[in-house]
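Below sits a lone chain in structure tokens, taken as the form predicted on its own.
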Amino acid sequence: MRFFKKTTWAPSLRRLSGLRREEKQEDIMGLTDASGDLAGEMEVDAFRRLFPLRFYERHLLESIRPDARPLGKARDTTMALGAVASADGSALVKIGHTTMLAAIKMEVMTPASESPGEGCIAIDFHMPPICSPLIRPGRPAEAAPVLSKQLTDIILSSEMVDLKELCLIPGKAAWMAYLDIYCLDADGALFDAALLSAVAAFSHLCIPAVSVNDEGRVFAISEEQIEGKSLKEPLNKGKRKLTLSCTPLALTCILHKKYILADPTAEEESIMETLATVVLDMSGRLVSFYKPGGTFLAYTSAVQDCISLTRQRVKELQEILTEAIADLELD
């Protein structure tokens, strides 16, 4: 009788095949998870597009927004002074993606007979087609003249600039400050960014030196002409900074049910349409409160909350402006 020794390779093969099956299952599960995550992202994106208000309200229940900001927090803000070399004063401001470029050009004019000892400020707000897909070439943006009027009202009523400081010769010559603000990216809170860029541009403004010719005409002169003493005594020796007696700053909030969202994006403004804009100066004085309609009422408590958020925001913007001016002086 012949005896055969029991072999051990069969169980090894079984174990090896089992390991391969487990690896295949893990690979399949990995692909499933990846496809599941992708499908989940697609479902969230589809839900956001189809039911935008419900999508936001689900986030509001958690007191957070889709961009991970708390409800009362503004977007990151940056500022660069002297962005336009050919302007007498300029600034580039970004609040989130919202981008504004402000530039000031000074020209000598004859003052109005009603105010012979004062200069003048002219403000234009521009929204070119590059700033938003909603604006088409050849068609002026409806919001542009409205924002121009708002900016003019706030800057003049707040007395940020003493118009008497723009006078050169009473009744004969005064400065006209042309302020042009260009919206380069319109992603919500346009007025806040535009006002901040205007304040920054006036903070950077240097008033040119001027002189009078033999005919009594006032004209701008260069520093080289002043040093060469080839002209009569200039009216102002060298460029000078403009004194700002008040610096108004704004914060726009969305009022939706019991929630207040500070510094809204364009998407948030299109979904929750009740807006309220508070303008304060750096001392905390209320300059303006603006609420252009909307379905939700601005109760006293809501207004007080908006003002409180604006006070915090003004402190942040004051630090940003001070830092930008300090950086410019170092350069």
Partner chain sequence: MEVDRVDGRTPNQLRPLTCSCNVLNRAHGSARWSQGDTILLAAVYGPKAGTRKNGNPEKASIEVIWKPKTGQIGKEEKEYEMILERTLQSICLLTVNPNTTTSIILQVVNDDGAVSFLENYVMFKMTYLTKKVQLLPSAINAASAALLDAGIPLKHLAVAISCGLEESGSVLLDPTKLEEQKMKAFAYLVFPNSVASILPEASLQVEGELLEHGMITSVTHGVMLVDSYLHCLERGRSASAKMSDFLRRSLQSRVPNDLPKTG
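Residue numbers count along the first chain shown, from 1. Since the model is a prediction, treat every value here as computed from it, not as a measurement.
Omitted from view is the form predicted together with the partner chain, to which the following refers.
Of the heavy atoms in residue 145, some are within 4.5 Å of the partner chain in the predicted bound form.
Although the partner is absent here, residue 268 sits far enough away that none of its heavy atoms falls within 4.5 Å of the partner chain in the predicted bound form. In the predicted bound form, none of the heavy atoms of residue 315 sits within 4.5 Å of a heavy atom of the partner chain. In the predicted bound form, at least one heavy atom of residue 290 sits within 4.5 Å of the partner chain. Annotation for 154 to 169: interface residues with the partner chain in the predicted bound form are 156, 157, 158, 159, 163 [heavy atom within 4.5 Å].
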